[in-house]
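Just one chain is shown here, as structure tokens, and it is the form predicted on its own.
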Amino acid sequence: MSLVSNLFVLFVVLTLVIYYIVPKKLQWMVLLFFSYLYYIAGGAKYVFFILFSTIVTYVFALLIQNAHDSENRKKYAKLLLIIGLCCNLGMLGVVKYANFFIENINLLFKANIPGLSILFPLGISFFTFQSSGYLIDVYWKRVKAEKNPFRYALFVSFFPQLLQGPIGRYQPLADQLYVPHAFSFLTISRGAERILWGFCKKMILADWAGCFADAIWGNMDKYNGIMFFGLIFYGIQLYADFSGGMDVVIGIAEMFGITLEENFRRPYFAVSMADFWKRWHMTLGEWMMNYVFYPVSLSKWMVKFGKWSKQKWGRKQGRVVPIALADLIVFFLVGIWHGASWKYVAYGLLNGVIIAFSELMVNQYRNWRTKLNIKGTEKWFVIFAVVRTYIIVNLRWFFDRSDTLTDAFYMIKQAFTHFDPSQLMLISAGRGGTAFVPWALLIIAVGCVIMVTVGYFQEKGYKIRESLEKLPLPVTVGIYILLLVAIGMFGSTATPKGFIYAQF
């Protein structure tokens, strides 16, 4: 059931109506029922996987809790954690990466091992990470294991976030899922406003930008003179699509009185790659930071490596080397999380190398700024840093968007050796064909200006949503109507597509 379908809108409305008319103590049960109904609607055969992840992490969390509570069994808690994670993440590994390993073994050893015919369940990357994070939190005694299996099942399956996140942590989310929520017009209004804004991003900006990006990447020889445009269009498409999707799911949750974690904080205003990853897909970054970066950085072998590094390169530089290594490990995992392909390995390692290099050079950068009398807060320097980061971010998209690693390098070569902007006019822009290209480009440009302007004011601390709440009701309704009309008038007429991150 696509988030952009009329059926999904009816599904959400029906869920809301029943949610607010049943006794409040039953509200969480309504959410659980409709969450599983939503998942089944995507294919009943997928339910096994989310049930497996739920049952495994539920049972092992209770076993870990019991081990903590028993003086004689504390030493078994770590073993139970490892077994639970191996089962849960092992399922993800088999489903998502088994055929990738088989293909490479066949290629390397000239073997003929048949691939596995495995279903790719909806949202498996999201719910396995969310349930694994819960299991680790129970082991670290950050949360108590949930004893009610149905309540825990809701935490794993809550339908607004099921397909594309955000990746929630148990404590802040569970506290909201199980408590009663009274109907509030303000809550519904705020949620609807966020949903409409998200659909505007998706159906106007992302889909029009995707129309050009898909054409360029889909026919690299024909459009070899506008590869850089393809890069820019894809950057716009991905941001508007993913952040728009987050607006939709966060808005839906908000109508149920539940606040999901934010997943984007204006990433194209980032002043460095490290800053970019603190703003882009924030919950994945926080998950990697909490459950990979810190455990790796504080592990015994990394502490020993840190001592050796300080002896080898001195205290200042030696302190940074282990951090850089941990960054490489994190972004290698970020890369393969995105998909089973060498292009994603390259994409992840490229991010890791850039950030690790920045860590290693931090003292040198500071010395250069001191010599040039640059404080780093000057307006011109901030603009320079934002533009520099934006360029680096976009160059990475070669590896993310290309079908293969070979295609990525081919695209890079064409981008730096051919330039023919007139090829843009050969792309069919939806139902209007090539004649509509100038108008489609204008819609994209205006959409970007609006989004950047809104982002700029938010960066400056303006509370735009809070200001909208203070407007008279007729004005608020007028804004909603305006957004709906904008989607109808300016929305892409190309073939409708679902949200990009729904495939993860």
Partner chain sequence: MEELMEILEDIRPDVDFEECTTLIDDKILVSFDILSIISEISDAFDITLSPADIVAENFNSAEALWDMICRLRD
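All figures in this text were calculated on a predicted structure; none of them were measured in a lab. Positions refer to the first chain, counted from 1.
Heads up, the form predicted together with the partner chain isn't pictured, but that's what we're talking about next.
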*Want to guess which of 318 to 326, 230 to 238, 396 to 404, 155 to 163 is within 4.5 Å of the partner chain in the predicted bound form, heavy atoms only?*
318 to 326
*Is the partner chain in the predicted bound form near all of Arg142, Pro295 and Leu298, within 4.5 Å of a heavy atom of each?*
yes
*Proximity of Lys310 to the partner chain in the predicted bound form, heavy atoms at 4.5 Å*: yes
*Answer with yes or no whether Val362 is in contact with the partner chain in the predicted bound form, where contact means some heavy atom within 4.5 Å.*
yes
*At the 4.5 Å heavy atom threshold, is His418 in contact with the partner chain in the predicted bound form?*
no
*asked:* How about Lys278 - does it come within 4.5 Å of the partner chain in the predicted bound form, if we only consider non-hydrogen atoms?
replied: yes
*in the predicted bound form, which of the listed residues (Arg366, Lys75, Lys413, Arg431) lies with a heavy atom within 4.5 Å of the partner chain?*
Arg366
*asked:* Looking at Ile188, Met289, Ala385, Ala346 here, can you tell me which has any non-hydrogen atom within 4.5 angstroms of the partner chain in the predicted bound form?
replied: Met289
